[in-house]
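Given next, in structure tokens, is a single chain: the form predicted alone.
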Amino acid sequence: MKKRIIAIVAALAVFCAGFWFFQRLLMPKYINDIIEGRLIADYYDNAGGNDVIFIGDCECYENISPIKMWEDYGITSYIRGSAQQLIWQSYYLLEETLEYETPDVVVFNVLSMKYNEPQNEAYNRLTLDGMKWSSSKVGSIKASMTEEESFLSYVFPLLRYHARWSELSGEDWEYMFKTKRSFHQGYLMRVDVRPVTTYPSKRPLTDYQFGSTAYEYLDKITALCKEKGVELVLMKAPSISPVWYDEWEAQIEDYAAENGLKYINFLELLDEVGIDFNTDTYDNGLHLNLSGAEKMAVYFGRYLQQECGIADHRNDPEIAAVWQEKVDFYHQMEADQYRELEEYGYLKSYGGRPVTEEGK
């Protein structure tokens, strides 16, 4: 009987080890393609000590440089962004983040108010798979799943990715137990330039009212910040697509006024920030490149110090030493990207993939 129990336990151990091994192998690594899939998990190596936390979609993680904000103002910040991050995902990411640290300010980008229901599994995975297991992750999964998805496939991703055998490449093996450093406090750097040639038209909508679910989670974000003693600032980044309607703007302005929140629409401050869509975007105005993101950091950093009282930590030797390493990595990647552009005519580190609105 004892030998039988040992044999069963050993068989279960082998099965579990094999299941875990193949799950690690088959899960996407997001190394040179759709690298945004690594953004959420990258936070855990940088958690703590941030004055400012940004939450939201690509209008956060591609439009503001935390490193430049540190260099000019000594502000420590992190962007907990992900592609098409829905507002309930922002809420649960914020809830999780506040278990690791309590910043002075949280900045929420309001574009996701346009969505009132789950959208797309592929984008869900880019946010949810990278989260560590917690009640926040469970809540985010349940709020985000489309009708075709199952909770079990998030618990055991192998159930979702088992068919990737034919797609495996060398990077799946190389990065099976490690990852690649690619981000700068949640900022995704691009130095290439693709200017705006045409501006999108504002096609009429049948209904401009933000949905009840979107408002429910905006209320949750507001209440959570108040509970934790964190100042909440609402932001609309200066991306020209997707378009931002005047009717949406009025609703956010009203919400901010009713709840005593600061709100900044950078689409109305392009000249003050210095944004030039001939030089400051890499994809025709959907996102800013490094030049634009640094201009945003300079403007926003000054605003955060003047209006929110964020301290300058550059004279703190311990904090400065940590951030100097981040600065060095930032400028090394900047130099590497310019070298790639000169050598290849495109950023090889991004696979030279075309940029489309679906990449948001």
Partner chain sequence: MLFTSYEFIAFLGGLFILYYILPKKCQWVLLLIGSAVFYAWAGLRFLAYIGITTVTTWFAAVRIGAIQATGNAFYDAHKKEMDKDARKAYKAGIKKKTRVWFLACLLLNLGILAVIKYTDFVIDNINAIFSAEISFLSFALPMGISFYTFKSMGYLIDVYRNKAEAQGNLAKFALFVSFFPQIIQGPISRYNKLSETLYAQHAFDPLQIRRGLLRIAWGFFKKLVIADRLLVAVKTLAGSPEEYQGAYVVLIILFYAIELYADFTGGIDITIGVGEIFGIQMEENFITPYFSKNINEYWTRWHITMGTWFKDYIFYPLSVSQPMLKLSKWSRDHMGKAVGKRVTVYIANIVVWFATGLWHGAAWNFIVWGMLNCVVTVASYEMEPLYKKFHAALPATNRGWYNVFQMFRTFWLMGAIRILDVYRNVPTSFKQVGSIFTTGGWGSIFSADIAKLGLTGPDYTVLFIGCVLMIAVSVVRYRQKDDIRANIEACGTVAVTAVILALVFAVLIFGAYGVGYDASQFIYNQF
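Residue numbers count along the first chain shown, from 1. Computed from a prediction, not measured in an experiment: that's the story for all the values here.
Heads up, the form predicted in complex with its partner chain isn't pictured, but that's what we're talking about next.
Just one listed stretch, out of 143-151, 266-274, 203-211, 230-238, contacts its partner chain in the predicted complex at the 4.5 Å heavy atom level, and that stretch is 143-151.
In the predicted complex, its partner chain stays beyond 4.5 Å of every heavy atom belonging to Ala257. The closest non-hydrogen atom of Leu159 lies within 4.5 Å of its partner chain in the predicted complex. At least one heavy atom of Glu121 is located within 4.5 Å of its partner chain in the predicted complex. None of the heavy atoms of Lys2 is located within 4.5 Å of its partner chain in the predicted complex. With the partner omitted here, the residue from Ile35, Val298, Leu304, Leu26 that has a non-hydrogen atom within 4.5 angstroms of its partner chain in the predicted complex is Leu26. For the candidate spot formed by Tyr100, Val322 and Phe329, no residue has a non-hydrogen atom within 4.5 angstroms of its partner chain in the predicted complex. Using a 4.5 Å cut-off on any heavy atom, the residues of 17-34 that reach its partner chain in the predicted complex are, in sequence order, Gly18, Phe19, Phe22, Leu26.
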